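Quick heads-up: it's one chain on its own, the form predicted alone, in structure tokens.
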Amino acid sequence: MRPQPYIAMNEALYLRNPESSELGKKIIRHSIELIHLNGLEAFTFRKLAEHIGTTEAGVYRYFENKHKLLVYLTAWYWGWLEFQITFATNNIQDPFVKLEKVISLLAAPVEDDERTEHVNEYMLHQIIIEEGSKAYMTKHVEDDNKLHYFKPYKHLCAAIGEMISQCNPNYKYPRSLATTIVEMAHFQNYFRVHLPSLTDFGPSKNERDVIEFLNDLIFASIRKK
């Protein structure tokens, strides 16, 4: 039986821990639903408050602004994904098989994890694909980085980079390749659905095509002399 995931969150991201109350959990659950439905630009704390039947001030007691809420959601997702990767690869010894498993987890569709009732991982995964880069592509990214907002993402990429080094200790770019795997898994799936002319895939194609493409690209790079 798969254990319950525990995601440690950076306290600097919130004013009050949303995991500590039913209202906080409703804020997380319905934020994911509204951002997934309408996009980040259309999302406001006022709309969220109206949706869940509370006051806008009540939402602001948990999060200072929607940027910090987005960073919280993305950080939660990266922590959750690393948990899934650790569990799925724990008994795999071959680093190539382990990395192949990681690529599959990154590029395959995500199903909702019923053990986390206040988080719909399927919707959150779509938010990561469509909105996730907005968490760090800002003018104040250096300031956010000093507060360790992106630690879960960096920790995940470091773990993948270590797997790449295990596959080929002489490969020069394990960290760069690790972030490329993560970002390309998202970009290719986004393009496949919304801008198919930018890929060799299309919305009617199976997601497995993206996984096979990533396997071909990544392992060809690692195995080069």
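Bear in mind the structure is a predicted one, so any value in this text is a computation, not a measurement. The numbering used is simple: start at 1 and walk along the sequence shown.
The form predicted in complex with the DNA exists for this protein as well; it is not shown, and the discussion that follows is about that form.
A.B. asks: Thinking of Lys154, Arg175 and Thr180 as one candidate spot, does the DNA come within 4.5 Å of a heavy atom in every one of them in the predicted complex?
C.D. replies: Judged in the predicted complex, none of Lys154, Arg175 and Thr180 sits within 4.5 Å of the DNA.
A.B. asks: Examine Gly53 and determine whether its closest non-hydrogen atom to the DNA in the predicted complex is within 4.5 angstroms.
C.D. replies: Taking the distances in the predicted complex, the answer for Gly53 is yes, it comes within 4.5 Å of the DNA.
A.B. asks: With a cut-off of 4.5 Å between heavy atoms, is Lys47 one of the residues that contacts the DNA in the predicted complex?
C.D. replies: Lys47: yes, in contact with the DNA in the predicted complex.
A.B. asks: Taking heavy atoms only, is Arg61 within 4.5 angstroms of the DNA in the predicted complex?
C.D. replies: Taking the distances in the predicted complex, the answer for Arg61 is yes, it comes within 4.5 Å of the DNA.
A.B. asks: Hey, in the predicted complex, does Met9 get a heavy atom within 4.5 angstroms of the DNA?
C.D. replies: Because no heavy atom of Met9 falls inside 4.5 Å of the DNA in the predicted complex, the answer is no.
A.B. asks: Since the chain is shown here on its own, which stretch among 64 to 72, 31 to 39, 166 to 174, 182 to 190 would lie within 4.5 Å of the DNA in the predicted complex, judged by heavy atoms?
C.D. replies: Of the options given, it is 64 to 72.
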